[in-house]
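Take a look at the structure tokens below, where one protein chain is shown in two forms, each on its own, as structure 1 and structure 2.
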Structure 1
Amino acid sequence: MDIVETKNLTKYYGSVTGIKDLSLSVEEGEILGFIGPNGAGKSTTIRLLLSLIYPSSGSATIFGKDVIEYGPEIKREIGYMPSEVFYYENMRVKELLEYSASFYHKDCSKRIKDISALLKLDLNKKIDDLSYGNKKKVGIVQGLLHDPRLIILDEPTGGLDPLMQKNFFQLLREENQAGKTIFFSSHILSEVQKICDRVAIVKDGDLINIESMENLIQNNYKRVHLVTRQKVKHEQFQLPGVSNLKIENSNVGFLYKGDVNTISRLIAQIDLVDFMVEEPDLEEIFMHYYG
């Protein structure tokens, strides 16, 4: 069964498009990455799913139930972690988590304790005194404490240090292995690559592509920089998969998509001072891969 399904979901803010005609489904037990640059409509989609805002047209269901009509009921089984965490600042972490738990009518104390310990979150501090990263941790615990069936994450890793990110990803994998479905919104391709089974890509409110991580990686561009000892010519790089080639004196830069062996053989023929292969940022992928 599809855990989340949207049909032609559209939201306008006045004349500004939030998202348009977004049809998407999240299968049970998968981790779906939802990526796109800032302002692409990721948060709008999530807010529509959580009925914080209402669609201009189209509809969405979660667990097969309409998100507006059955909002309070389906939210019992949803854990949501916002991108920017805003909580009642006069409360202590413990009080906030207990307040959060009080909405679910079940004992969440063990999970609060376990997840807080894993993230090294001090429960006795005032929310007001927490750093950005620590507020984010409160957000994680708050989103997971009721053992939800669907976890919705909106750019969850900002502010977390690398070790915490690792713990957090480990936690998500464990939740996923326990059968939880995860909807993971992000603008960082590499973190989506680490954890997701499938990826949906949005740009300017449109769903551009949805495919398995495997395909995406195969089709993925690399950004290649070379510093050569001798001058090279454009013709040397006329190879399928090379695009956006720029040669300035001894500096060569291009995007490459295809078999890495082909390009490594080509590079091996050139006398190099230095070279670098990196992941292009999302903007570049959108510009070149998705036109």
Structure 2
Amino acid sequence: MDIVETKNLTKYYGSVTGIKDLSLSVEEGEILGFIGPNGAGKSTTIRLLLSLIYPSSGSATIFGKDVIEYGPEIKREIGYMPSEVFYYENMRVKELLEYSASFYHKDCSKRIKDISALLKLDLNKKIDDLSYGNKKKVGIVQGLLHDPRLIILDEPTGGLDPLMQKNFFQLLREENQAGKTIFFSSHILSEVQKICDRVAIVKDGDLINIESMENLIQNNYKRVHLVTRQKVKHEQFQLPGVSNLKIENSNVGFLYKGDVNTISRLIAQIDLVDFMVEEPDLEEIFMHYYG
């Protein structure tokens, strides 16, 4: 079952494109990474899904229901964490979270206590006394306290120290293992690589690729490093599928996508001291798409 589905979803801000003809689906129980640099259209997509803004054309459904027609009903089952959080400064953390919980007409006290303990969030502090990182923790608890079916995260880790980031990812894994679907928007590629099942890459408002993390990293590209006995020239590596070629003295490195037999024949013609073939990290793949 698809929890989220968009069909040709488009949003223009005057003559500026926010997102264009976006068609994707998020399956129940998966973690989808939605990646691209700032300005690529990630936040616009999330605001459209939450019906905070309306599309210029196209449509989106969540739980099989149109996000505009059934917006209030859908939102009761969504946990959302925006990239920036703002609160009433004079409230205590506990008061704010209890106030948020009152909108869901269910007892959220255990969830508030458990998630706050994992994140080491002091419920008795005033919002005004919290650091930026601790305010982000409040946002995480606020987004998850009602036990939502779908969790939408927009650049969620800003301000969290490395230990809290580790705890946060542990929390997301536990939520996912409990059957929650997660839409994870980020420009920090290492985060997406740690936790996501599939990744959708957006560029200038266009969806340019969507693929499983395993396929994206393991099957499409190889990072090749050679140490040669003799000098080699760039022309020797002018093959389809070779990119990011770097030659420094006897060291040769490049990314390769294509038939492994073709590249193997090329390498066999070179007098080698050593060679290594590795899976590239997501950063390299991402930069390949963005040229």
Partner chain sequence: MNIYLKELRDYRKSLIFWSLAIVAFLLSAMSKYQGYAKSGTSINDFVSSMPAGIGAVLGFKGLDLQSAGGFFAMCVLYLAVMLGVHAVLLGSGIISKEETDKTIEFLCTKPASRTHILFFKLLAALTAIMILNLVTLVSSIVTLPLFSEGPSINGDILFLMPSVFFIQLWFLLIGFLFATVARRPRWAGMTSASVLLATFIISAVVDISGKVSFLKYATPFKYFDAKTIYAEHAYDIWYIVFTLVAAAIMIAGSRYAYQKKDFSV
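Between two forms, the rigid core is the largest collection of C-alphas that superpose within 1.5 Å. These figures come from a predicted structure and were not determined experimentally. Here, a residue number simply tells you its place in the sequence of structure 1, counted from 1.
Visitor: Mark the structure, either 1 or 2, that is the form predicted alone.
Guide: Number 2 is right.
Visitor: Using a superposition on the rigid core, decide whether the Cα position of residue 24 changes by 2 angstroms or more between structures 1 and 2.
Guide: No, its C-alpha moves less than 2 Å.
Visitor: Comparing between structures 1 and 2 on the rigid core: C-alpha of residue 275 shifted by 2 Å or more?
Guide: The answer is yes, as the C-alpha of residue 275 shifts between structures 1 and 2 by 2 Å or more after core alignment.
Visitor: Would you mind giving the Cα movement of residue 265 between structures 1 and 2 in Å, after fitting on the rigid core?
Guide: Once the two forms are fitted on their core, the shift reads 14.4 Å.
Visitor: Keeping the rigid core fixed, work out how far the Cα of residue 243 travels between structures 1 and 2, to one decimal in Å.
Guide: Between its two positions, the C-alpha of residue 243 lies 3.3 Å apart after core fitting.
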